[in-house]
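Just the one chain here, the form predicted on its own, laid out as structure tokens.
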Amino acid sequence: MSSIAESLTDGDYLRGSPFCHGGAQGHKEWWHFCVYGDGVDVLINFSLVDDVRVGAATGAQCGRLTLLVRGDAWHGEVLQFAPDAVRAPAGGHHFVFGDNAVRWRDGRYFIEVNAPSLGITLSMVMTPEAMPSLANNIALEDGPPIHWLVMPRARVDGTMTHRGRTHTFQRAPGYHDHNWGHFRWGQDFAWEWGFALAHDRTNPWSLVFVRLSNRAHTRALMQALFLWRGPYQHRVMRGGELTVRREGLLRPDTVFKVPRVMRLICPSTATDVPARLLVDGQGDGDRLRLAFEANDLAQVIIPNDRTRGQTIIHEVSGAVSLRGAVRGEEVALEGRGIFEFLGA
């Protein structure tokens, strides 16, 4: 087994909720996958949350599968699964929600989606091509810390049927991250999170950017730009090495929203998503400039846990440019990115 596969076997297991062992309730955990095909983008998110409804069995968890497909337009939904349709044992390496599953086996992720109500069936194999980065105990101001693992670069092979059309993926670029913790939707935090892969698959560079802040975006809790060269992490710029600037606002004529029922509660097309996000990094003789130009977005709308209102995750597709020099070597990347902007 390769060092990449070994690292993911050791680090990308399900943490599970302590609720079933008498611990704190309100745990959240998800595996997130993105795939760039020929003329189509695919986002798949398997998410587990503690079932804290009155009468629920202790330790029961609800499953949510978020599917977003972007071709000529966005399409998808958030599918919900009762606890008895969910298999995701702590310490294991798989989610099974009804007829949908993601399994880690032989150093690869096997992803199966069967959503006839959406006209979507999918069978993919994601082969990691970069070492993961693990971040634990990222502090929030008004609650427990959150944690994540990110694997920025993969090869994807498989097929997807979407509304009667079959898409074939052959060595398509892909991305994966894994998040978990006891944070609450509605807390005073927001995030900007994105990844980019080059149009040219021979380009060795890939990147992930993350910034956690308060919801007003006036105070950064942490920020980092992770840069990989081939399979290995090459440079991380953090904190004061980075300057982040938002320019303009993305103003689409229409906004695709899931779950679809939430369109009745949040009908507005106004967003606080920047039309352009600029990140300048400089330190120890290295310099980088990341520019993300937003093109289109979909909204995932989540009711807050303990307060009225909603938390909105904007999944934003756009163009990415990275320029600079690290350790005396020129860095250049032109490609596609999907950035998440979370806020009120």
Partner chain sequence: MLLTFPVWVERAVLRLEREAPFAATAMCEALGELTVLIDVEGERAMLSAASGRCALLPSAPAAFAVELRTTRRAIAALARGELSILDAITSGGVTLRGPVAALAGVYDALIAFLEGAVRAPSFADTLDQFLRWQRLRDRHVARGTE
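Positions refer to the first chain, counted from 1. Keep in mind that this is a model prediction, so the values were computed, not measured.
Although it is not shown, the form predicted together with its partner chain is what the next lines describe.
A.B. asks: So in the model of the complex, are 262, 265 and 310 all sitting within 4.5 Å of its partner chain, heavy atoms only?
C.D. replies: Verified in the model of the complex; spot residues all in contact, yes.
A.B. asks: Out of the stretches listed (37-45, 277-285, 315-323, 298-306), which one is close to its partner chain in the model of the complex, meaning heavy atoms within 4.5 Å?
C.D. replies: Looking at the other structure, the answer is 298-306.
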